[in-house]
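First, one chain by itself: the form predicted alone, in structure tokens.
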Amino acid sequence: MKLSVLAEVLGGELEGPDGETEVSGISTLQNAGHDQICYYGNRAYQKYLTSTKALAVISGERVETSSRNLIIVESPYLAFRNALLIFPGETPSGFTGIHPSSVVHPGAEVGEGVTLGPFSSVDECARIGGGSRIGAGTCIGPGARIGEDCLLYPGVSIYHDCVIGNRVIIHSGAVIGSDGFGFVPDPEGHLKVPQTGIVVIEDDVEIGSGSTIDRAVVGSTVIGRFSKLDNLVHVAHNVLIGPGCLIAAQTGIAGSTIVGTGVTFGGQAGINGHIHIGDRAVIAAQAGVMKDVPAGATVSGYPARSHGTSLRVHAALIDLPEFRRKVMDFMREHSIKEEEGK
């Protein structure tokens, strides 16, 4: 695609003399070649602007750069995303159709245009919608339902009766529908509570590698449409996650918690069970949330509290060693023994 055409497709204004030059692809500021474009949207990478060899830089403003061309757009990150759709990378698999080594139960239903990679399995009464791609070694359990145009990478496990919507992406190693962690203490040992519910993943959800979503005790564990889960996220039984949530890596959400619409979780956040997190709340990285979070609130720290309060607590802790030194000096000056001061 010519650079001038690409700028038009991205809704941007091209500044520079090379509109007729063909664009071969996309790279980073520091690695782009003479026929590639790149994206600038973070000042941490400003140092690369004057040394980049890129044909053009996508930016939200005019910047000083060694590139001869700029594509000025209103939203650089969105334009970068759209450019990546125009110049996609490698396809997830070279296999098409149903591989001879895959196993499909006679009672299963496989839609038109479905790809089943090597050594995948589709169990009894399972259904896979048209155009979905199932990677090598992926297991679709009895009665599970996969929607249309889904992409399941190699090594995904979908347990029995779970429901996956349309256009869902699930990365390798994810397990959907494993038993929730439920036991009754007993003198003879912990008695397992049967987990008889399912998992429902709504349309346009993406689930990262190694993530686990437990089936409900009864009813459903639900991941709302357009929500995106990073790698190594754990969602326990009967959790309800609303639409449009973003959940970063290593977050764990305990059972029966309700998460509203558009909630953002930083990495390694830990969420208590049986609580409610309101719409558009922000949970900072490594926060330990023990109680309900109001809609729109930002919380951080352990235990999690309002972000402003957490910052003040942290600042006080930084001053604590110096404060202690002053107290000890005072005690020595006044001949106060440490034991008396306790």
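Start at 1 with the first residue shown and count on from there. Only the largest set of C-alpha atoms that superpose within 1.5 Å between the two forms is called the rigid core. Everything numeric in this text was worked out from a predicted model, so none of it was measured.
This protein has a second form, the form predicted together with another copy of the chain, left out of what is shown; the following refers to that one.
Q: Would you mind picking the one in V114, I169, V163, I72 that has a heavy atom within 4.5 Å of another copy of the chain in the model of the complex?
A: Here the answer is residue option I169.
Q: Thinking of Q46, G60 and R280 as one candidate spot, does another copy of the chain come within 4.5 Å of a heavy atom in every one of them in the model of the complex?
A: No residue of the spot touches another copy of the chain in the model of the complex.
Q: Evaluate L232 for contact with another copy of the chain in the model of the complex, applying a 4.5 angstroms cut-off between non-hydrogen atoms, and reply yes or no.
A: L232: contacts another copy of the chain in the model of the complex.
Q: Under a 4.5 Å heavy atom criterion, is H314 part of the interface with another copy of the chain in the model of the complex?
A: Taking the distances in the model of the complex, the answer for H314 is yes, it comes within 4.5 Å of another copy of the chain.
Q: Evaluate V293 for contact with another copy of the chain in the model of the complex, applying a 4.5 angstroms cut-off between non-hydrogen atoms, and reply yes or no.
A: V293 lies outside the contact set for another copy of the chain.
Q: Considering only heavy atoms, tell me if G131 and another copy of the chain come within 4.5 Å of each other in the model of the complex.
A: No, G131 is distant from the partner.
Q: Only counting heavy atoms and a 4.5 Å limit, does any residue of 198 to 220 reach another copy of the chain in the model of the complex, and if so which ones?
A: Heavy-atom contacts to another copy of the chain in the model of the complex: E206, S209, G210, T212, D214, V217, V218.
Q: Once everything's superposed on the core, is D329 shifted 2 Å or more at the Cα between this form and the one not shown?
A: Shift at D329: 2 Å or more after core fit.
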